[in-house]
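This document opens with one chain alone, in structure tokens, the form predicted on its own.
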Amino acid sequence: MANLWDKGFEPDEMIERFTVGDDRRLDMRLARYDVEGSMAHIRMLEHIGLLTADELKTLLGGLEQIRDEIAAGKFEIEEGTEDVHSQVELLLTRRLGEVGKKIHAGRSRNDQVLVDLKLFLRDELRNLAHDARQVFNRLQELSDRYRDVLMPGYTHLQIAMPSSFGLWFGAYAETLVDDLQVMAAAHDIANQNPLGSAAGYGSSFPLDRTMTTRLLGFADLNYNVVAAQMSRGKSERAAAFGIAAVAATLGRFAMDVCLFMSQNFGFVSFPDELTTGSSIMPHKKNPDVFEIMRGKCNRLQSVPNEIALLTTNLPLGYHRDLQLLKDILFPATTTLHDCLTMCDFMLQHIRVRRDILDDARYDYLFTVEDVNRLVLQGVPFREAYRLVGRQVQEGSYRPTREVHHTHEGSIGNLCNDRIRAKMDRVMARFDPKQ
């Protein structure tokens, strides 16, 4: 049994199995970050005199070998070894001897897992932001391509006013900008160095925390060592809010597509090979991809609440409950990545119907346009409203089918270039150079 807290006795096997749970599998996603954190830590230990230059060189060589094994898929957490931290130290000690045991001076598993998680979250949030940016780019391209193709707009699921595919695609693009603001805030919270807080109360060693902050590329420190430990759970919860924000937009778009693909709407379609059929109804072309996407994104809405319920009212300091955060958050990052990737793929094949408003059922979309046309001719608004309303009630209304929208963000002035500029500013917050 390889445990960093080994005191010369073996824990009960049932206790070990229950407390470790699925942590070994989940920890594999932290392996490279554990090595990176250890490399920064031992460089700092040599700098303050706790390791010799030769010991540092030996340890770095051992860690580089482990890092290469991780990259090659040859690293594993052995049965009976509690976690990734124990496995890395076990390998170093097995291969290098006594010097491997010096790697843990000045830190605890508490700040070790914290730095692993923050490095992991920082990368995952950056990657998810870039995935979302790809969907944003696709939506904007479709918005530009179909900017002049009109479609019905709805309120209360009732026919309301003219819209356009340019507006529809562009709306979801701009909404993703807001979602990535939330994700960028979560990235900022994760981008702080907790290493050196040890078990949550610091160390009597003269640790150089500024040095490890620089070596690991963090934007800043979690200065107060207690606050650093309190960031466990807080960082994950912030990330979960960012994930949920993007998922909410994606899920809502998926719902629109499911609705618009139905025969009663028929606004969009996809090639047959991207839909599924029925075992009994030969005519069916089901939007299964978007239904699964909607379901997955709805489940992601629960992630912030799961984390909140797990961490609410925990007293100060580390508690083993926090281990379960990985089981909640790690799968969520994978799910959102998969949904964004699939959404981008499907959008490459979407087909838009161009003659929707030729159908007489959409005549009433133009009532507001005709009211406004009368107002522009000098008729008071309330009189124009009453006049068109009477025509609707009497069945004599005939739309002009003319749309003249020119203000910022309207059918005739989408401002997609300005929305792109907003996205560029948000994405800059994920740049490691920042």
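Note that this is a predicted model, so its numbers are computed, not measured. The first residue of the sequence shown is number 1, and the count goes up from there.
Quick note: we don't show the form predicted together with a small molecule, though the next part is all about it.
Of the stretches 318-326, 265-273, 289-297, 173-181, only 318-326 has residues with a heavy atom within 4.5 Å of the small molecule in the predicted complex. Checking 124, 131, 89, 83 against the small molecule in the predicted complex, a heavy atom within 4.5 Å turns up for just one residue: 83. 232 is the sole member of 138, 237, 232, 209 with a non-hydrogen atom lying within 4.5 angstroms of the small molecule in the predicted complex. The small molecule is not shown here, but in the predicted complex it comes within 4.5 Å of a heavy atom of residue 109. Using a 4.5 Å cutoff between non-hydrogen atoms, residue 186 does not count as a contact of the small molecule in the predicted complex.
Within this chain, residue 113 lines the site of the small molecule in the predicted complex, having a heavy atom no more than 4.5 Å away.
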